[in-house]
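Taking the form predicted alone, here's one chain by itself in structure tokens.
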């Protein structure tokens, strides 16, 4: 070794001994459920491994203001007849094994989903309306007939059955599948850490299957938008329950925790700057069998609409884990109309007038009824049972109605709703994609309630295919006004979640949006890539 190399080597050794290694930033997060099978969102949504979707890059996704943002797709366009969308991918995207990420990987993901029993396949018919989807998933047509085409490595073409002006928002749940790996390993590619490849901002370091916890690391190969600002993300689903999460947070073993109603006052007093609230984009409402007495009478339905004191319900019984609902759309959701929401006032006198007009003054002669709700976990588990008891007391006091309460397993409840085995239900619904058509669609042409209001159906059908956003909103507002005038539903509450975060967390993801909400992991791609830690 010559003298120059010796000097360089000595300097390197000295530097290594005197300069501390840069500390890695690690965030410990509560998220997910404690069981999961495949690390592949396009194989299974309901039994996927924790944050499997965070490993891949969707075509588009939402920021914290719920604005649609291009991700793998750098642009898209719609044909003049509204039936065909063309998505252009960003050049230079690669899988973590170095293979190019191409249009074929996205098309393959949906072709495979349509033919292998994907548990989220309904979404691509209901929300996407992809041409041929229903026929292929029912085994009546070959997969090659699907309205999907990889025109070239960077161009995807999607054809729908009818104009879908909101299709780009639907693609927020369209992730690629590595065809080159699946061709070698089949579905097993997503069972082992060593064979999982990623296309998004994080790689998979470890996966503890006994509790579905994962460790993700910042990707070295991802070149798209929203690159991770932290080095490691440890996600532990056992911390998702507030009863476990808050003690871990207080001990410094988690960087944030969700709160239950009993924990909110204590956490708010101790960490006033660390409290974050989030809109879940969900609505709980009363649904009726509108074809049978007594709820085939619009005056009966409107009596219940005016008999609910939503402000009292949310502030006292629910202790602010929900906000009053006057619309099927939650505040902040695209298309939310505050003028319609404002109509849902508590007016006992008007409620009595409608019940009297229906032939039941002061509830006299009104049949005893039984409201059904389904067994729920999560935020609905804290809301729905207490809300049912409140409604029971409210309807008795205001209207003189006797209402019993029955809780059923989810499958039995849905069977009762669809097949009209009861005449009144508490129905919670959480969005599947960010567009007004999502919520209005569950009442369209029977939807999940089995009744038809022709004027409503006509307006929603027209709005669904209207390409001009402002015109769509006008049509949806007209449709919802029909819904309210006919009292097809009684909107009750919109759930929210409350969490406490560490003062070491920073970045744009840790600050509330313009509506005062902090979406946290409800918008995982945004949240975990815009979060920093001191």
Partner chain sequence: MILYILRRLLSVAVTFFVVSLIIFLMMHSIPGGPFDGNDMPVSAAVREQLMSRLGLDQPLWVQYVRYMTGVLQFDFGVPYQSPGETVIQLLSRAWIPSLVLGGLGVLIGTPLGILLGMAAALNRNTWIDYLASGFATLGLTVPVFVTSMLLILVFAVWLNWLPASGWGKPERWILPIVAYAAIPIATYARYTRSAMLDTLNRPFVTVLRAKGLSERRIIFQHVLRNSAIPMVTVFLPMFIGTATGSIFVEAMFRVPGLGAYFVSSIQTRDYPLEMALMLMITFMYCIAYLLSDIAYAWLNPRIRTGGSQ
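It should be emphasised that the depicted structure is a prediction, and the values quoted were computed from it without experimental measurement. Positions refer to the first chain, counted from 1.
A second form of this protein, the form predicted in complex with the partner chain, is not displayed here; the remarks below concern that form.
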Single option in 98, 92, 367, 410 placed near the partner chain in the predicted complex, where near means a heavy atom within 4.5 Å: 410
Partner-contacting position among 80, 243, 339, 142 - heavy atom within 4.5 Å of the partner chain in the predicted complex: 243
Residues 46, 117 and 248 all lining the partner chain in the predicted complex, heavy atom within 4.5 Å: yes
Stretch in contact, per heavy atom within 4.5 angstroms of the partner chain in the predicted complex, of 234-242, 98-106, 456-464, 169-177: 234-242
The partner chain contact in the predicted complex: residue 66, any heavy atom under 4.5 Å: no
Residue 481 within 4.5 Å of the partner chain in the predicted complex, heavy atoms: no
The partner chain contact at residue 211 in the predicted complex, heavy atom, 4.5 Å: yes
Any non-hydrogen atom of residue 62 within 4.5 angstroms of the partner chain in the predicted complex: no
